[in-house]
Each structure stands twice: as structure tokens, then as C-alpha cells.
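Take a look at this single chain in C-alpha cells; it is the form predicted alone.
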């Protein structure tokens, strides 16, 4: 099964799954929304970031293990997550409170600011994973209807601007990546459109989640239980 076929198969499977609760996101990528995000003002975003810097650092990066790196992240992804926090499609009392007073323009400006920053991390996914994880990243697993990670997140997780709202994974933190995959798998996080990440993560083992998190973080692999304990 080639990469395109695998992606289509996963989406079709997701669409046939029963829906639970409300919509996974209230964001619709209309022409007006795309123009809004593309027109974000990074200078205004920098001013708004002053209220976020306590947790996210001066440029969107921080050493806190379970806080994602925002510097250099895809602007459409950041915009969508802020929208989802505000609508509570993505659960976080702290982030929902922070996003509540933001207008759509504010979110576009913040997204522009973070996207313009240079990540402070190192080479990220330059470390070669083992053969099984390398195949999962580049080719996926057709027997489990898992598409290649590269197909959506870009080569080595460097991002995929062609997919609005899709995050880059390169240089993200091992603890946070492992946590996000685990919460997608449990359903605790459910703001993925068409349940794609929830359905994929349910097919991943604890060891695969730990290995993927280590790969994108560019770190040595830790046992799956260690990442979970760090999150606690």
C-alpha cells in the first residue's frame, strides 16, 4: 500500500466510526480564515506573547519537559489549537482561560509570531531510529492501516504547510510527544479532525509511542513507563 492509499484508508475508516460528543474542532478552513491566519502580524503577536512568556519562554521555547516548543511551529496549527482551547474542544483549564479573551485576529497574530521564531533546539530528528520505527515514519504500516507519519507531518516531522492545522513534530519534547500520543489513544485528547490521530494511536504500542517520541525529539529512547512517570 502506497502512502496516499494508506492516508485515504485511514480517513475513510475514521469517517465510518461512530461519533462521540461534540465536534472535534470548530475551526473551518474557509478562504476568509486562511487569509486571516496568513495575514497575522508577528509584531502584534510578540506583544500578546508577553502574557504567555511565563510558561512558553521569550520566543515560544522553554526547557519545561511537558510544555511544547512553539518557536517555528506551523501558524495554522497554533491558530487551530488556540481556537480549540477557547471553544474547549481541547481540554486544558489553564489554556482555555488564557485563550478566552483572545480574538481571532489575536490568535492569528500570535501564530505569526511563533511561526517566525527560530527553534532553539538542536538537530531534532536527525538521529536515525531503529528499522521498525524508520519504516513506520517513512512508509507506515498497511497491515494496520497506519499511514506514514511523513505523509502528514512532513519529512522527519519538519512540517507540512499543505495540510492546514498539521503540526511539525521535529524538535518537540519527548515527554510531551509521548503524552499527546497517549492521550489521543485514550480519547482524553479529541480535537483531531475525523478522529485520525485517535484511530492511529490506538494501533500503536507503548514501545512504539516511546520510540516515535524519542525520534522526533532527537533523544535517546526512554522506556515507555519512564515518559509516563515524568509527565506525572
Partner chain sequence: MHIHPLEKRWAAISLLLVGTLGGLIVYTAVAMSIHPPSNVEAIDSTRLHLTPEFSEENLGVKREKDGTVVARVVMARFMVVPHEITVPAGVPIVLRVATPDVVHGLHVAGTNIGTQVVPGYVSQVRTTIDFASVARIGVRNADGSVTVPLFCNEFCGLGHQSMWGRVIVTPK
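Positions refer to the first chain, counted from 1. Just so we're clear, the structure is a prediction, and the values are computed from it rather than from any experiment.
Missing here is the form predicted in complex with the partner chain; even so, the following discussion is about that form.
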Going by a heavy atom distance of 4.5 Å, is residue 151 a contact of the partner chain in the predicted bound form? yes
Tell me, yes or no, whether residue 192 is in contact with the partner chain in the predicted bound form, where a contact means a heavy atom of each within 4.5 Å. yes
Are any of the heavy atoms in residue 30 no more than 4.5 Å from a heavy atom of the partner chain in the predicted bound form? yes
Residue 67 within 4.5 Å of the partner chain in the predicted bound form, heavy atoms: no
With the partner omitted here, the residue among 102, 146, 116, 95 that in the predicted bound form has a heavy atom within 4.5 Å of the partner chain is 146
Between the options 26, 35, 202, 43, which residue brings a heavy atom to within 4.5 Å of the partner chain in the predicted bound form? 26
All of 139, 163 and 198 with a heavy atom within 4.5 Å of the partner chain in the predicted bound form: yes
